[in-house]
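Read the single chain below, which is given as structure tokens and is the form predicted on its own.
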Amino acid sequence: MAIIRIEKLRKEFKEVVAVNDLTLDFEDSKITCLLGPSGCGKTTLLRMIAGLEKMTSGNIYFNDIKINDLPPRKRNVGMVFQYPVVYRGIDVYHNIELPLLKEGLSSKERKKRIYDVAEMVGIENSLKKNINQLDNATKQFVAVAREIARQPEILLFDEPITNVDANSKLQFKHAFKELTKQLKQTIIYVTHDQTEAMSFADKIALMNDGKIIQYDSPRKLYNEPETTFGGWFLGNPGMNFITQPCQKEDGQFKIKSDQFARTVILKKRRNIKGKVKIGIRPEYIKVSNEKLPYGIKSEIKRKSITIGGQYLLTIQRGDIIVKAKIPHKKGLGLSKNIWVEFPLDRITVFDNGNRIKEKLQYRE
């Protein structure tokens, strides 16, 4: 298959920098999700890889071959767009077959590929149906099947389920998971939906303002965000942030805060400019009616049920408000006044928006 390498890739639309000098390797035969908010440059990057958008500067390599000037038809890339691209007026079978006719395959080989991919994506019972009779979701499955049948080295997906109904989205997600277990292509999947990215990807490239903020496995991206943006963007809700003073004493940086009920020590040998941000995800906050060893007294301002029957709590102490997620059973018996603890191994400290990569210590 193919390793995709981009070097200092840049795209400008007049005064707007859509992709800002990106350098990255997309791994061979792996699924990489480009994740980020609308307008961050995901689709522009994908279109440059496909050859549908001309770069302002930089280079793109497939394996070790520079393909900057190669037209789309010669890049051996399959692409599925947000809206289904299908051939009107013919049946599903011939929709999938048309690109294969140019490849000189025998009728037998074409038929095998068509039936194989139709079964993969779950449209084997629709092969004889006219494309005009199908709903948008099924048409998108046809578009996916057609690109897979061509067996390109690279498959690109540009938010392929944005414009289908909720039930079809679930069907597509299930089919895509099963599909990717069988495929050996290098896949890049663009989405703004973190659930899709966390479910599908081997690696996630988190983007914002034309830059890649972090490139990691889904688990590491979630548990070890490199920036406050990563902590905020991932999660439902995202990470809680509390701004705290950080003072240097006896060669150590100390965060003194009653939010911890004790002092947290950083041994970083660099300057920290007065304040840091403490980050913790809602599901890692400990909550109890009983006194916790290093807990602080707080008040529940709001309690609601969220996905999976969990309780989402809005907790306040003074002028600080945080969100906590707890199991349904535990949430049933909580009183209004509770004890809250931030486990030290679940805290991330950010200086100027960037994670301080250091194990924290308590000073009693």
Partner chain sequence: MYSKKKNEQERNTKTNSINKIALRIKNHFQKNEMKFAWYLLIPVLSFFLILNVIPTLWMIGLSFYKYSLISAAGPKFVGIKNFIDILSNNVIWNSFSKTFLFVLMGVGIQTILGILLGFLFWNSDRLPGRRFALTFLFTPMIIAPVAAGTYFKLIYDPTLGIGNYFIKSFFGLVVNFLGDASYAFFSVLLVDIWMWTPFMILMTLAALGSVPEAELEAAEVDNLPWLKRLRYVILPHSKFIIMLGILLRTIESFKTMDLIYTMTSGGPGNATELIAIKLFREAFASFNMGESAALALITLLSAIAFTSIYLFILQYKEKKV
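Numbering follows the first chain given and starts at 1. Note that this is a predicted model, so its numbers are computed, not measured.
Keep in mind that the form predicted in complex with the partner chain is missing from the display, and what follows is about it.
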Problem set entry | Interface membership of G104, the partner chain in the model of the complex, 4.5 Å heavy atom rule | no
Exercise. Does at least one non-hydrogen atom of N132 fall within 4.5 angstroms of the partner chain in the model of the complex?
Worked result: yes
Exercise. So in the model of the complex, does any heavy atom of Y215 sit within 4.5 Å of the partner chain?
Worked result: no
For this session: Using a 4.5 Å heavy atom cut-off, state whether K286 contacts the partner chain in the model of the complex.
Result: no
Exercise. Thinking of the partner chain in the model of the complex, which stretch from 24-32, 66-74, 332-340, 302-310 has heavy atoms inside 4.5 Å of it?
Worked result: 66-74
Exercise. Between the options L183, A137, A175, I90, which residue brings a heavy atom to within 4.5 Å of the partner chain in the model of the complex?
Worked result: I90
Seminar exercise, completed: Checked G78, G210, P282, G279 for heavy atoms within 4.5 Å of the partner chain in the model of the complex; positive is G78
Problem set entry | Within 4.5 Å of the partner chain in the model of the complex: residues from 38-52 (heavy atom criterion) | R47, L52
